[in-house]
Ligand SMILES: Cc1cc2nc3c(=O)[nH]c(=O)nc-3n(C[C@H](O)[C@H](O)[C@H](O)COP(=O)(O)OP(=O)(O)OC[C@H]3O[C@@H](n4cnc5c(N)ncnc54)[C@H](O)[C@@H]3O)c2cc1C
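In the form predicted on its own, a lone chain appears below as structure tokens.
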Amino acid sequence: MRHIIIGAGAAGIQAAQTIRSLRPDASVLVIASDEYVHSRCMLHRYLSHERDEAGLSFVPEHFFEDQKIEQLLGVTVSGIDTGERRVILADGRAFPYDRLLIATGANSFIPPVGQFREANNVFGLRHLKDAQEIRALADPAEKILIVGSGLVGMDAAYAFLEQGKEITVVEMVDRILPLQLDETAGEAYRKLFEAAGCRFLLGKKATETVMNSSGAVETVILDDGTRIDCDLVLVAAGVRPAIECVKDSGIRAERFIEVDDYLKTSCEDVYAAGDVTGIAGIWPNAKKQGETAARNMCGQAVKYEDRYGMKNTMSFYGLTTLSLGRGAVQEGDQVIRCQDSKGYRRAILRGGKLDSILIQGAIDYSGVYQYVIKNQIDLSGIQTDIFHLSFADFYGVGERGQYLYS
């Protein structure tokens, strides 16, 4: 049995490990466009010179050899022939498969603003090759503009500030980290970044650019006429699932690859996992999807259960924040907030169940919230303050290992 995995991120590597553990004699081939296995969550550490290429890897040095997994890194998959069951590379080579996993992740989205897409100093930050190109220009740069204040943008801003760069962050929303945090939690980080020298322009959009004769954007103009001079532009305005390789393959995909509860695509013996599926592709979820897909590729019937859960942890300038769940407030939700010496907390309850919680400051004993959200436990019978829950509020263990509450 020959298993091919396209992608060497969290989902792809976890799938390869799982297949090898379940099928010691199976053929496993990992194909990826990246030349190195690396954690995209750590790319800002590369920008700050804290880690080199090897230091970004999340697998042991001789992982592929020790696991007896074949690998083709630094190559591009141009197509998939599901009729002939072949993966086709851009150089014309083709590899047959019995089971296929697509774990190609996502790519940065560069909006069509001025010459953003043509300039040689405008980048997204999603892959190691992005970080390598950015660092080559960032090291001699003085003024760096970051468009977007999500986690990728703020990680990069932190790395550049540590190097003494002049950083400006433009965000179309009126607060930073808008997908992860609410206004109160975001404001705490904004103050810390500003104290470190970061300049924020919130509630504004980049609309035009001025590009010099060398092909570099040297000025970005905002919708209110503000002009920002820069040596380098990093765009952290979102990502798009990397579905290019499934074009004309018969695999159903529009914005992302469609999968069923078993992570199987519309084509027989073809599975997908991670960001490319559009299902909560953060690191833990991507690993779980890779494992689930691999088990199904090996003949087990395992459903993927964590379709909506999200977990984000961040720490800047000594302040730690944990965000669990979906985070968006809907009509009819009960929103509870608490701010004291321990920090700031916000809980969103929907129909008596905890939909999400944000904890900024001390995040000890947060495991109970992850359990309650994941299992959609009804909290209407719990008398304890939502911000002081512990497993002591629950008793017994059900037949599937679930805690039962009093």
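Start at 1 and count along the sequence shown; that's the residue number. Owing to the predicted nature of the structure, the values given are computational and were not obtained by experimental measurement.
The form predicted together with the named molecule is left out here; the points below concern that form.
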With a cut-off of 4.5 Å between heavy atoms, is G148 one of the residues that contacts the named molecule in the predicted complex? no
With a cut-off of 4.5 Å between heavy atoms, is A8 one of the residues that contacts the named molecule in the predicted complex? yes
Considering non-hydrogen atoms and a 4.5 Å limit, does the named molecule approach F316 in the predicted complex? no
So in the predicted complex, is the named molecule close enough to A32 to count as touching (4.5 Å, heavy atoms)? yes
Check, residue by residue, if G186, V335 and I373 all come within 4.5 Å of the named molecule in the predicted complex, counting heavy atoms only. no
Out of the stretches listed (73-81, 157-165, 296-304, 247-255), which one is close to the named molecule in the predicted complex, meaning heavy atoms within 4.5 Å? 73-81
Please identify the residue among F109, Y262, W283, F95 with any heavy atom within 4.5 Å of the named molecule in the predicted complex. W283
Candidate from S266, N312, Q132, Q115 lying within 4.5 Å of the named molecule in the predicted complex - any heavy atom: N312
Given a 4.5 Å distance limit between heavy atoms, list every residue of 100-127 close to the named molecule in the predicted complex, or none if there are none. A103, T104, G105, A106, L125, R126
